[in-house]
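Only one chain comes next, encoded as structure tokens, the form predicted alone.
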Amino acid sequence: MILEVNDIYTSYGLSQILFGISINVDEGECVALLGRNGVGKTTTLRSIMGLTAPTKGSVVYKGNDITGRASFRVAKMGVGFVPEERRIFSDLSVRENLETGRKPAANGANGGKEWTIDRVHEIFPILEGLSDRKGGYLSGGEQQMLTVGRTLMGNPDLLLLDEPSEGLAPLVVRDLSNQIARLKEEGMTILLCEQNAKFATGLSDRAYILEKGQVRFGGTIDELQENEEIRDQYLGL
């Protein structure tokens, strides 16, 4: 088990968002967090990453309790976070953006095969032709690919993706799905937060459905597809 989130409660000031969330991710899995906007998906990722500390419960990564640790320390341990806002450096070139994310793998992780710019280009070939273009002149899809690529340059063992398909054209979503699938084939462990259930279930081994800060369903994708009540109520699949 690479990640265990145990009964966490998280709030922003007086606003309680999570009410006892428990999820887990095995090494090499892609697990989806599904649900409508505002149900607590992003807050769950922020709680794991240390950006918003839980007030109760625990987050365990590779057997280490990381609950409330500073986000830069969580990143150094091998957790990569791709935020919905992307947050690329608009005045830096694509290559420079990738370079800013470079750090060695934690404890010799990734089987000694560290991420390089050339390796990122293998997953996202469009970025190679855009190496000298400023980040601010990229399309939304190109920015999303760059953000994922920059995170990979930090050699994470666990990749947290927050709404990667949000606001992208259908053809771009299709390409991004293929690229994430390739990451999974290479052994990357992924926790994927998405409103686009079709996109997420096509990539994932298991899924959790959140509603009002609680887990309403947890199981394999096959179990989810077979549960008509859950599908109709929460996903509209």
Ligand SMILES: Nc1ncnc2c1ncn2[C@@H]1O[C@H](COP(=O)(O)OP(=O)(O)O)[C@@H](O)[C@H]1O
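No experiment lies behind these values; they were computed from the predicted model shown. Numbering starts at 1 and follows the sequence shown.
Although it is not shown, the form predicted in complex with this ligand is what the next lines describe.
S.K.: With heavy atoms only and a cut-off of 4.5 Å, decide whether Thr55 touches this ligand in the model of the complex.
M.R.: It does not: once this ligand is placed as it appears in the model of the complex, Thr55 has no heavy atom within 4.5 Å of it.
S.K.: Considering non-hydrogen atoms and a 4.5 Å limit, does this ligand approach Asn37 in the model of the complex?
M.R.: So Asn37 counts as contacting this ligand.
S.K.: Even though the partner isn't displayed, in the model of the complex is Thr42 close enough to this ligand, meaning a heavy atom within 4.5 Å?
M.R.: The answer is yes: Thr42 has a heavy atom within 4.5 Å of this ligand.
S.K.: Do Ile17 and this ligand come within 4.5 Å of each other in the model of the complex, heavy atoms counted?
M.R.: Contact check for Ile17: yes, within 4.5 Å of this ligand in the model of the complex.
S.K.: Tell me which of 42-50, 170-178, 184-192, 61-69 has residues with heavy atoms within 4.5 angstroms of this ligand in the model of the complex?
M.R.: Careful reading of the contacts points to 42-50.
S.K.: For the heavy atom contacts within 4.5 Å of this ligand in the model of the complex, list the residues of 202-216 involved, in sequence order.
M.R.: If the 4.5 Å heavy-atom criterion is applied to this ligand in the model of the complex, 202-216 yields nothing.
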